[in-house]
Each structure stands twice: as structure tokens, then as C-alpha cells.
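Presented as C-alpha cells, the chain that follows is alone, the form predicted alone.
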Amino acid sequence: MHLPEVDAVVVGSGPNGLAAAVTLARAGLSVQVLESQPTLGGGARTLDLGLAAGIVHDICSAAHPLALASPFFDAFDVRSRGVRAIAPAASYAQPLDDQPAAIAWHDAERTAEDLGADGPAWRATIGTLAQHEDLVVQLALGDKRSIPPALLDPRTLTAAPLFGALVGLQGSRAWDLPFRTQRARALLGGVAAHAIGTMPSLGLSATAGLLSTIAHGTGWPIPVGGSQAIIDALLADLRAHGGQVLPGHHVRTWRDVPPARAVLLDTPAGAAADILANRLPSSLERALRRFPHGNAAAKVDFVLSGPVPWRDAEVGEAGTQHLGGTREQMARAEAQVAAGRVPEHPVTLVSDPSVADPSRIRGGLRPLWAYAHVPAGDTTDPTEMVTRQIERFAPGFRDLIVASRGIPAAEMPAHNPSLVGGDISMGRVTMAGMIARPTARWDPYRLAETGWYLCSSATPPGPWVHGMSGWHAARRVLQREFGLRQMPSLSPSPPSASRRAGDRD
């Protein structure tokens, strides 16, 4: 199919690709988005899988800690565009076998009180960081090449060192500090496991610092109707500014892309090397191909006839549950994954979106989302091991299952080619890898002198639904390829002082 020449082409319609496309279109450029799949949204799609009438499932993420906290989505103002994102009373929970669950309530003070002897330490660390959420978010989601504006605010002088100290401690063998109880350590360890990797490590501890901070700040919102609501808002704005979106257009080589002054790839680093094979400097092409993938997630979508019967009822108030037991048990399971073995009790993330969005319940049935950590490329159907892991903390869970669909890690790329081997982070999560991602060049987005750029989670700041990699790449495209130094406004209306507060029901 012959496609007309445009100013910019974006390959991939995930959150980063659409963030880049929206930014470029709002700058007055003609923009075209090419998507290989028949549906749009990449890792933020919501689809009817045919498991039960009226039940839709979030294909990748269900809860979105960064959907309101991300500077891109804050500027884009998703809520004013009709997206309701509701933060449950508890952001996440960590059930344990032989003691009460640890729960990260949206209210930091309530969390500290529940943690007993470790309450003062939680309040002094995570609670304090939550009061400086903007700084933590900017440190974590910046391009790692510029100074976050919040760092220049004198009020953050104590918060930045505190964040660094917490990451350093939790990422080292001194990770018992400053917490003394299994419950507090497990609560922080479970949130670290959103980045799949060995424990302790600096990459995972930075993940824990960011996501636990947001848990007590903006909260971990669940979009009403599913993740697709965020994608639909981006698509509506893109089309309103003249952008075109072509699903079912697979880009295998540079020849599959229409003539354009700039092309942005929302793809893994290796896929970018394949598309531009022999058109990049050999050293850069080798570096892109060598960028290491991490281990994997295997997915199970359930349809249940009722809420999960958690042994500790308060666990059900959280939008997300981290199942793995104590921090030591989780570390052992992650070490087995790193060694290429499927654990008997894998670290498993679970979310029932109807906790915040009752509209997801149809005819008494509800969806349940679950990921289990397994070795990259593993072919095991995860349904039974995930069912056992949930049953471990919620006896009787199995009796509520009406339908299920398990997707082995090896099959995850079938619905999203970016999930190579089941790697949901588009590259191994390490501290060095967050900075030199996918290479150590000063501009990690620009693919040499080609007019082509990488705008995916394979670039800083890395994984999750935040749109920042696309936004950072689009800024460079506007400056270098089009001579536009001022970023366009993303807001559909004058800024609102309450935008960052999040919705609560």
C-alpha cells in the first residue's frame, strides 16, 4: 500500500508512541501512526476475550500508578478528557501466610499505624517522600540527561537525599534497614517486584521508592472502563489535530514506512535494529541488538462469580495484590526465575478492577487480572500455578472461577510484539540500564543521523504506562528535525490546581 509523505511517522500505538504522536501533531505537524495489530493501544488495551458476555479484560496493565502522576499525563490532563481514574482506598496489599497482611493504604498515616513497630520508619521514609511526590516522579521519569525542575526547589533539599538513601539501602545487602518487621519489608519488597529481577537490586529498589511514594500521593488509579480509556483519549486528541492512525500495518523494514522527515519507533531496541538493518553505524546496531531483555511475565485472565475471598478481608480493598509471601520468599522465587527455573510459588501480581470500578461487573461476573514471574520464553501455561498462588492467600478462590485464559511467556508477543519472550519492561530493569537505555549515548532516543528515533520503554525512563519516553523523544524531534524549541501545550483547557489530586470514591 502506498502511503503519502508526512512530517512524522510513529511506528506503534502504545502509550509512548501515542504520547509522541500527540505532541508532534499539536506542534502543527502532519503525523501518521502505523500499528501492526488490528486494535490500538499496545500495552494499554482493553478487549473482549470472549470468556463471558460483557466482560472485558485489560491486556497488559489494569491499575496505573503513573496514569495521573506522570508529567506527560498531568500536562495532557486525561481527566478533563472524560477519563475517570479512581484510586482505591488501598493502593496495594501484601498478604502473608501466618500473620496479618501488610497494606499500603492511600492514607500514609493509616499505613504507618497498621505497621506497628515499623510505623515510625515508614512515616519517616515513604510518608515523607509522598509529601514530595513531584520530586520523586521527576527523578524517576526524567530523561536522565537533565536536571529535574523540582530539584531546584529549596523545599526538596531533604527529600532528594532521602530518596537516594532509601534506594541505596533497599538495593543492597543492607536492605533490612530501616525496617525491622517482616510485614514492612514485605510491603516494600512486593512493590519492588513490579520490575522483574533479582532481589536486592538498585533497579528494583528505585521501582519500590517511586511506586510506594505514589501510593500515598496520587494513588494507584484504575481507569473506569479499563486501560483503553487512556488510549482512546490520546487517539481522540491526535485525530482532532489531524493525525492519522493505520492499524494492521506491519513495519518489518524501513521500506514499510512512508517518506517522512522524522520516524519514531515505539518498539524494542532489537526491533529498531532489524527495521534499520545496515542503515545504522555498525557499532550502534550492535549495541541495540545487545541491549538485554529481562525475564518474563505469564498472564492469566479470569472471570469470577464473586470477589476474591482473601483470608484477610482488608486485602480486597486494594486495587493490586502482590502475592509472594515474605520478602525472603519473594527473593528466593525471583532467584529461581533468574536461574531459568519456574518457581513453585512465583511472585504474582493480581488486580480486580471492579474494586474501584463496579461497572466492570456484568451479570454478577467480574474480570481478574494476574501476572506471574517466569523465565523469559517459558512455555508453561500459568493458569494452574497462578490459581494455586491466589488460593494460598484466598482459600476457596478456585470455586469462583467461571472461565480463564492463560498465556505463557513465550506467547505474549502474539498480542504485543514488543513483549519479547514475555519481557513486559522492554529491557532488563537495572540502575545502569535506566540511564544507559538502550545505549550510553548522550541522546538515547536519536538513531544516529538518520532522522529516525526510538521512543519506546527501551529508552529512559523505562517501563510502565507514563508516556514519558514518547514525550522526551518528541521534544528532540521538534528541536532537531523541525527547529521548534518550544514544546506545544497539551492541555485542552486552562490548568487546574486540583488536577493531581486524583479521584476518590
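For clarity, every value in this text was computed on a predicted model and none was experimentally measured. Residue numbers here begin at 1 and follow the sequence given.
Below, we refer to the form predicted together with a small molecule, which is not included among the displayed structures.
Site residues 62, 426 and 464 are all in contact with the small molecule in the model of the complex, judged by any heavy atom within 4.5 Å. Proximity of residue 13 to the small molecule in the model of the complex: non-hydrogen atoms within 4.5 Å are present. Shown alone here, residue 369 lies within 4.5 Å of the small molecule in the model of the complex, counting heavy atoms only. The small molecule is not shown here, and in the model of the complex it never comes within 4.5 Å of any heavy atom of residue 329.
Residue contact check for residue 250: one or more of its heavy atoms lie within 4.5 Å of the small molecule in the model of the complex. Only one listed stretch (394-402, 415-423, 171-179, 81-89) carries heavy atoms within 4.5 Å of the small molecule in the model of the complex, and that stretch is 415-423.
Residue 267 is the only one of 205, 321, 111, 267 with a heavy atom lying within 4.5 Å of the small molecule in the model of the complex.
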